[in-house]
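Next up: just one chain, as structure tokens, the form predicted on its own.
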């Protein structure tokens, strides 16, 4: 069985930052593997270690800079990676869900995996829809917000627990090929060992252009446009009481009576 995991490099913004145009100035950004994708990678590696999976492949959409992040997934046990990027992908301000699903679907069709794992959402845009949209493009079965997974190799079925609203869980069987979006907490992602980091340096990261995956520039035309970015002004009506416990308690009681909360 081959497992393909979609991974994404996300930016973490410093506490104090400046905005340049419609983006946060690059000086204030640090990049890391998306938190939800980290759990998806761990789940795939565990499937390989436990026997059902023979190969784990990661795929990302990102510039050459993202290879450092991708190698962290390789250091944790993925076998190889595919990185999709093209000059045409630099033009849109924001890649919408449909565009990302188109790109990922082209790679999935080329790789022909039995199981595709994605994170439930990304820590930057937080659309939370790419995995399910990808399944729709591929015509695969899908399960969203999966917090437990057991694979029956003989039946070709994934037994999954899905996290629903209100603390409800759904237990369902999903026939492969399928796309599952993985929730945080399904496992405990491992740290990349020093040996794993060294081995990752020799693992393949195959760069793919749009032409390589059989798409053209029309495939990345987005319906979303980022018109502006700004840091919202914060207003506070906080009143700070000073003094010892008795004094501050008296001041608080006065305010509560004035507000009609206490008599």
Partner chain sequence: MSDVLAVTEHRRGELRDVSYEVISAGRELADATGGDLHLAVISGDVEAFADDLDREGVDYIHTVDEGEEFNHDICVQAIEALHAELDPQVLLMPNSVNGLDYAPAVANRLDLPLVTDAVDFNYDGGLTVTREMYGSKVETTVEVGGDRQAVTVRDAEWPQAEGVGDAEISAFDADIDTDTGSTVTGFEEVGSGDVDISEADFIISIGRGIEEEENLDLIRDLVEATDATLASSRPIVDNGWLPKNRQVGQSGKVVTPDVYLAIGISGAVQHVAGMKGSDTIIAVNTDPNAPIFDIADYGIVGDLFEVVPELIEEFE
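Here, rigid core means the biggest group of C-alpha atoms that superpose within 1.5 Å across both forms. Numbering follows the first chain given and starts at 1. Just so it is clear, the structure is predicted and the values come from calculations on it, not from any experiment.
This next part talks about the form predicted in complex with the partner chain, which is not shown.
Participant: Of these, 104, 120, 73, 115, which has a heavy atom no more than 4.5 Å from the partner chain in the predicted complex?
Facilitator: For this set of options, the contacting one is 120.
Participant: Among 110, 152, 91, 170, which has any heavy atom within 4.5 Å of the partner chain in the predicted complex?
Facilitator: Of the candidates 110, 152, 91, 170, 170 is the one lying within 4.5 Å of the partner chain in the predicted complex.
Participant: So in the predicted complex, does any heavy atom of residue 87 sit within 4.5 Å of the partner chain?
Facilitator: No, residue 87 is distant from the partner.
Participant: Flag residue 77 as yes or no: does it have a non-hydrogen atom within 4.5 angstroms of any non-hydrogen atom of the partner chain in the predicted complex?
Facilitator: No, residue 77 is distant from the partner.
Participant: Give a yes/no on whether residue 83 approaches the partner chain to within 4.5 Å in the predicted complex, heavy atoms considered.
Facilitator: No, residue 83 sits far enough from the partner chain in the predicted complex that none of its heavy atoms falls within 4.5 Å.
Participant: Is residue 197 part of the interface with the partner chain in the predicted complex - any heavy atom within 4.5 Å?
Facilitator: Close contact is absent here: in the predicted complex, residue 197 is far from the partner chain, nothing within 4.5 Å, heavy atoms only.
Participant: Using a 4.5 Å heavy atom cut-off, indicate which stretch of 52-60, 35-43, 203-211, 65-73 touches the partner chain in the predicted complex.
Facilitator: Result for this chain: 35-43.
Participant: Just to make sure I understand: among 122-137, which residues lie within 4.5 Å of the partner chain in the predicted complex, judging by heavy atoms?
Facilitator: 123, 124, 125, 126, 127, 128, 129, 132, 133, 136, 137 sit within 4.5 Å of the partner.
Participant: On a core-based superposition, does residue 185 travel 2 Å or more at its Cα between the shown form and the other one?
Facilitator: No; that C-alpha moves by less than 2 Å between the shown form and the other one.
Participant: Fitting the rigid core first, would the Cα of residue 167 be found 2 Å or more away between the shown form and the other one?
Facilitator: Residue 167 C-alpha, core-superposed: shift of 2 Å or more.
Participant: I want to check residue 11: does it shift between the shown form and the other one by 2 Å or more at the Cα, with the core superposed?
Facilitator: Where the cores coincide, residue 11 shows only a C-alpha shift between the shown form and the other one that is less than 2 Å.
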